[in-house]
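Only one chain is given next, in structure tokens, and it is the form predicted alone.
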């Protein structure tokens, strides 16, 4: 395995822990958040190495985060969002958002007519990438929780009827 991949995975976990500290999550959840963030980041990085679309790779990484946050939530007695939100934030496409903002600033200024079309194209392209990746991250985290929530709710209701 490539050492740069391992290093990036570790940085995904550290960033996830950093965001969890900002959100003031319980200290007992920090190692789990590190692991979940690293696994989600590793999923995305591995898929990108196999030439998977960036949006699809982000979506699948977010699904891994959503799936892993459920058993960790049960074992640590905390809501799944405590694990999934800090773990998914390092996957937000900051570079594309930065490039989009630079493009908007350029378009607001004086752009030579020959460069206007190219600048507009790059700005819209980066903006759409940001939008679709953010939607895929939100959906990827939410879908596993929504699917398992129904099963858990049915089980809880069934358990209450029996008592």
Partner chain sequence: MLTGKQQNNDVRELGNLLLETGSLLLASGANTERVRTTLLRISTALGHHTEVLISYRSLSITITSSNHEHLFNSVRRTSHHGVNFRTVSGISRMSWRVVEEGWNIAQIKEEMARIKALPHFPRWVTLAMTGLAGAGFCRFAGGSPTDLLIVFTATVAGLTARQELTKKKYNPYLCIYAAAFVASLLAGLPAWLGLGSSHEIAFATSVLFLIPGVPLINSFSDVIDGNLQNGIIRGVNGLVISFSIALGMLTSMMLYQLY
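From a predicted model like this one, the values you see are computed outputs, not experimental measurements. Positions refer to the first chain, counted from 1.
FYI, the form predicted in complex with the partner chain isn't displayed, but the following is about it.
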property	result
Partner proximity in the predicted bound form: residue 35 to the partner chain, non-hydrogen atom cutoff 4.5 Å	no
Partner proximity in the predicted bound form: residue 26 to the partner chain, non-hydrogen atom cutoff 4.5 Å	yes
Non-hydrogen atom contact residue 77 with the partner chain in the predicted bound form at 4.5 angstroms	yes
Contact of residue 115 with the partner chain in the predicted bound form (heavy atom, 4.5 Å)	no
Residues within 4.5 Å of the partner chain in the predicted bound form, restricted to 81-110 and counted by heavy atom	81, 82, 85, 86, 88, 89, 90, 92, 94, 95, 98, 99, 101, 102, 105
